[in-house]
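Next up: just one chain, as structure tokens, the form predicted alone.
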Amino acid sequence: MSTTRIGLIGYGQIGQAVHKMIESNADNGMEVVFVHDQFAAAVESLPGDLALADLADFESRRPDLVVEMAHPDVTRKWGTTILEKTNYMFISVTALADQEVENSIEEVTRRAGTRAFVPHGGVVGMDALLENRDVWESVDVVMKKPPHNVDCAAAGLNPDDIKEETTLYDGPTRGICPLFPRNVNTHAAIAYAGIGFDRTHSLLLVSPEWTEAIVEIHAQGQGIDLRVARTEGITGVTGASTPASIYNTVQMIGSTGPGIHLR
């Protein structure tokens, strides 16, 4: 059985969970060959040969797939460099709201023969959005969260100032991505899978009375109406199901283990 060599970028809540899931299954045919985080303290407990201090040295570990679980800035800075050498999966899908980034990724994959992967993450029904992307006339995404579970820094907002239900954004998905880059990867994935960043409509609502994260998707086209809602617990900016979702996507891409595999 061949082994898929995996590199991980970002070792916060999601990165640690995905690493543990990969390592806990000896039969999945995957091996983590490096972990990088911009903060050295995040990886100081890892074996010295696993922690990668300088991401510029990623090629020395010969990864078959590099997985970003940190911030869209990683893709802006390193995405094409990584894709020149190997395959790349990025969970910070908001990076694609920058048309220049999207174009450069597509160009380098064609030239280098590598592949870039967008995980479904918190999106329920992403396959239906993709399969019917030529049918949809409208796609609306509504996200509801407690204000302290939204990283408001880029938008210049203070969650402590929000005392009642408040609309933080209402408009095309392309516009919400740079304002809340760590929170709306679900919106970005829906837009990319469906009718694009400019035609997809995003609504972000917060209320201090809420304790869970809710995402509602409504897509309409001739003869078809798709409505999906997801409610889950949340820690920081991350939904409870996100680590397992990311691991399962990595497994779909990289697993060489035995058994019946869903794709």
Ligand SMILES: NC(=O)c1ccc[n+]([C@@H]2O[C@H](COP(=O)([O-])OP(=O)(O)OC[C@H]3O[C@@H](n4cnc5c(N)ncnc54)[C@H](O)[C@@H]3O)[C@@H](O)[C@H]2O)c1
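Fair warning: this is a prediction, and the values are worked out from it, not measured in the lab. Don't overthink the numbering: it's just position in the shown sequence, from 1.
The next section is about a form of this same protein that is not shown, the form predicted in complex with the ligand.
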Residue 147: touches the ligand in the model of the complex, heavy atom cutoff 4.5 angstroms: no
Exercise: residue 28 in contact with the ligand in the model of the complex, heavy atom 4.5 Å: no
Exercise: residue 79 in contact with the ligand in the model of the complex, heavy atom 4.5 Å: no
Non-hydrogen atom contact residue 13 with the ligand in the model of the complex at 4.5 angstroms: yes
Proximity to the ligand in the model of the complex (heavy atom, within 4.5 Å), stretch among 198 to 206, 220 to 228, 59 to 67, 33 to 41: 33 to 41
Interface residue in the model of the complex among 85, 115, 182, 133, criterion: non-hydrogen atom within 4.5 angstroms of the ligand: 182
Contact check for 139, 173 and 194 against the ligand in the model of the complex, heavy atom at 4.5 Å: no
Residues within 4.5 Å of the ligand in the model of the complex, restricted to 145 to 172 and counted by heavy atom: none
